[in-house]
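This document opens with one chain alone, in structure tokens, the form predicted alone.
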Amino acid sequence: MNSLPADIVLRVDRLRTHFELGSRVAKSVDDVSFDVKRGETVAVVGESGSGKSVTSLSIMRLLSPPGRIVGGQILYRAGDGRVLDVAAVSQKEMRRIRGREIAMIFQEPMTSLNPLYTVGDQIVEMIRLHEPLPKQEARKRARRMLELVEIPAAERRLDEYPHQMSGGMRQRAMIALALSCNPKLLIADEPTTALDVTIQAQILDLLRRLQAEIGMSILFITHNLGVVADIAHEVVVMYAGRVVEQASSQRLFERQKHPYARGLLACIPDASRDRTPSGERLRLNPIPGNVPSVMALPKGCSFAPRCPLRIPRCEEDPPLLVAEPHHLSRCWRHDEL
């Protein structure tokens, strides 16, 4: 019998998702664990190739072959009070949950919204798939959803196709579609990546407001720690398919206990310190090298080849260690940071 503490909506427990390509195996998600609490936002952060999106697709059971979940649990507290292992339920049960209780905003709305159907038709279809509403009632709710995400002239926009909307408007329409059945958990996969900074700030403000109004939990996938500071309660930093640091947002920004998280923060441009005392412009401080392929990981710590603090012991694979209370780090030298 699965069980969860009362304040937990989702628990990812030692999740492993592999892509099997002949005799080779890509361990895209390798022993990943975290909780999402009711009404809170957990941000999963890392560069491209770190396993963030595969984690979210595993939770939604949207993996395409040859990808499959090979271990661990994804425990979800359903609206009827049952605790389900999403990784093990039937496809029929998953179709009931997906969209109705766990919804997802994808990274690029132009490839996620169907270009052959109006925005209104797509929202109405989602509503009627999960609720026995007449088409006119579903359309009224679709209009209310567009109004909720602050799309002007909502009645007219219902009859527009995705290509007739701006990028920011399409992203709002995607949010309206995701929220149309009042989900308990919203997964947002890089929802602001393709938007300019002004629209990005508006989308983040919108998500915060909707979360306060609806009381939903959010799993926010991003590579941008600057965005995380604005929205997250808890931060999970991933690298090469594994969690390398985990802490509250405030604690992580005050004191990083893994060199990778420290490097990600150093990459954020800061107008207050972009020049030396003499007026010379400072260079950005990128992390050298690239995320390794999960099919050819280095021996020991996977971050070691890029790490300025590496020592001989880094040839041993570090476990996820308790660096401080409620602060985990996968680094042998966390006590020195």
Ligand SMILES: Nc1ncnc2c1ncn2[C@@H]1O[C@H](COP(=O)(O)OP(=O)(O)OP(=O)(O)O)[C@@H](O)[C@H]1O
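The model shown is predicted, which means the values in this text are computed figures rather than measured ones. From 1 onward, residues are counted along the sequence shown.
The same protein also exists as the form predicted in complex with the ligand; that form is not shown, yet it is the one meant from here on.
>> Between the ligand and Asp35, Gln200 and Ala229, in the model of the complex, does every residue show a non-hydrogen atom at 4.5 Å or closer?
In response: Heavy-atom distance to the ligand in the model of the complex: none of the three under 4.5 Å.
>> Under a 4.5 Å heavy atom criterion, is Glu47 part of the interface with the ligand in the model of the complex?
In response: Judged by the heavy-atom cut-off of 4.5 Å, Glu47 is in contact with the ligand in the model of the complex.
>> Quick check on Leu21: any heavy atom within 4.5 Å of the ligand in the model of the complex?
In response: Looking in the model of the complex, residue contacts with the ligand include Leu21, since a heavy atom lies within 4.5 Å.
> Is there a heavy atom of Glu101 no more than 4.5 Å from a heavy atom of the ligand in the model of the complex?
Replying inline: Looking in the model of the complex, residue contacts with the ligand do not include Glu101, since no heavy atom lies within 4.5 Å.
> Using 4.5 Å between non-hydrogen atoms, is Val294 touching the ligand in the model of the complex?
Replying inline: Yes, contact at 4.5 Å.
> Heavy atom within 4.5 Å of the ligand in the model of the complex: which of Ile287, Met60, Val54, Val42?
Replying inline: Filtering the options by heavy-atom distance leaves Val54.
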